[in-house]
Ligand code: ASP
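First comes one chain, alone, set out as structure tokens in the form predicted on its own.
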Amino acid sequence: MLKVLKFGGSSLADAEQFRKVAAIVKSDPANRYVVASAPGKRFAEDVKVTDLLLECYRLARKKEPIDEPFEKIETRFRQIIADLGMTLSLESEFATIRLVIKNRASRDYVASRGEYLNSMILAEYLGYSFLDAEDAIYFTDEGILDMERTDESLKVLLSEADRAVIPGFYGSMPNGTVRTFSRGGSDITGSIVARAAEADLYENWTDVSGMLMADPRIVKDPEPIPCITYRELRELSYMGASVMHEDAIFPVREAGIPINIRNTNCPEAPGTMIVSSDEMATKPPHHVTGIAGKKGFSAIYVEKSMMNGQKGFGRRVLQILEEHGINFEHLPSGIDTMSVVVNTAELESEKDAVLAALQKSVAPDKIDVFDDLAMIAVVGRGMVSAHGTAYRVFKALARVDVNVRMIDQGSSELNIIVGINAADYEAALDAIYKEFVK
């Protein structure tokens, strides 16, 4: 058996967390490769090392001194090393990074140095090799992950290191400069390493014991999700419910490698297992696997008599949104009506131009924009065989007097998405959860 483990920033925030990580890694000889994040917050008012680095970048761009935030960064790493009783020195690394930042290094280079330094410490502490992600993870000229080249390169490097620590979050461009993923991208690095290593399991260690069925800030003590499929995770991740970066799903999904979400501070908890197919998944305890949602949507409502007889009508509507840099989220339609749900923040500055372009292109009988919408997704592989799931969703909403503004159900019957007024979001989410989880 071979496992790849990724530890988030909270798991590597200080020396005490390092000790927990080391105990986990050393507990199983199958734990061969470790992906590390930059130090996260140690307490609520603390500042992440990556945020301190980005402050250095901001000051350097303005040609202002970076001494104050950079000294805080040095102190964090020196403290970890000292508290672990290590003799490792990063002074030359500090000097190099400070000099490069002062000479106006790229934002991606600066943001990546927390992972780089933390991984050097962890590798030394574990007695593992250090493999720089810059030498193995590659992007194209367009800044897109070059999966084929990365996979080939990583296979070679990993074959030469029996046990290694790899920094998360970054790789390199064809010209040799550093390129980062979006924030939280260490999850992607872990997934890429798991694929290249042909791992049997990818463990993603964080500060929660797996995924929960609903947002605990809204629903009191929601049940954990013991097992979830990649498809379900993708649906819930879209609504912001995932505890890992949603783009991290694809490399391991293609390779059929399961993911286990675990808690560094509670390693005995089984966490959530993420598997590639319904056949691999254990039977869900409820018809619904998870409920998630978010606010900040708008619906563009277009009405046109005999719309269904006009070829290319929908294409022209969507083309106008594309030309204005707006993605559509959902597309519930009728015979003579079409509603396009979009992100309010994307539409806001383009609203007048989009409406004018729609008037010119499709000459609608009526056009309106409805703001302040929230979307809730009810997701579950158990919904396919369960009768009356939609009825129960709408019954729960009616019970708390919430009006449904939009309904969208995927052809796979894996999810039901409802659009409601944003003011009703919390009450609606809680009501749906209570309907399915007694």
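Don't overthink the numbering: it's just position in the shown sequence, from 1. What you see is a predicted model, and the numbers here were worked out from it, not measured in a lab.
The same protein has a further form, the form predicted together with ligand ASP, not shown here; the description that follows concerns it.
- Ligand ASP is not drawn, but in the predicted bound form it has a heavy atom within 4.5 Å of Phe169.
- Remark: His330 does not count among the residues lining ligand ASP in the predicted bound form, judged by a heavy atom distance of 4.5 Å or less.
- Within 4.5 Å of any heavy atom of ligand ASP in the predicted bound form lies no heavy atom of Pro226.
- In the predicted bound form, at least one heavy atom of Lys48 sits within 4.5 Å of ligand ASP.
- Of the candidates Pro284, Gly314, Gly185, Pro222, Gly185 is the one whose heavy atoms come within 4.5 Å of ligand ASP in the predicted bound form; the others do not.
- Shown alone, this chain has one stretch from 60-68, 401-409, 31-39, 372-380 that lies within 4.5 Å of ligand ASP in the predicted bound form by heavy atoms: 31-39.
- Heavy atoms closer than or equal to 4.5 Å to ligand ASP in the predicted bound form belong, across 422-438, to no residue whatsoever.
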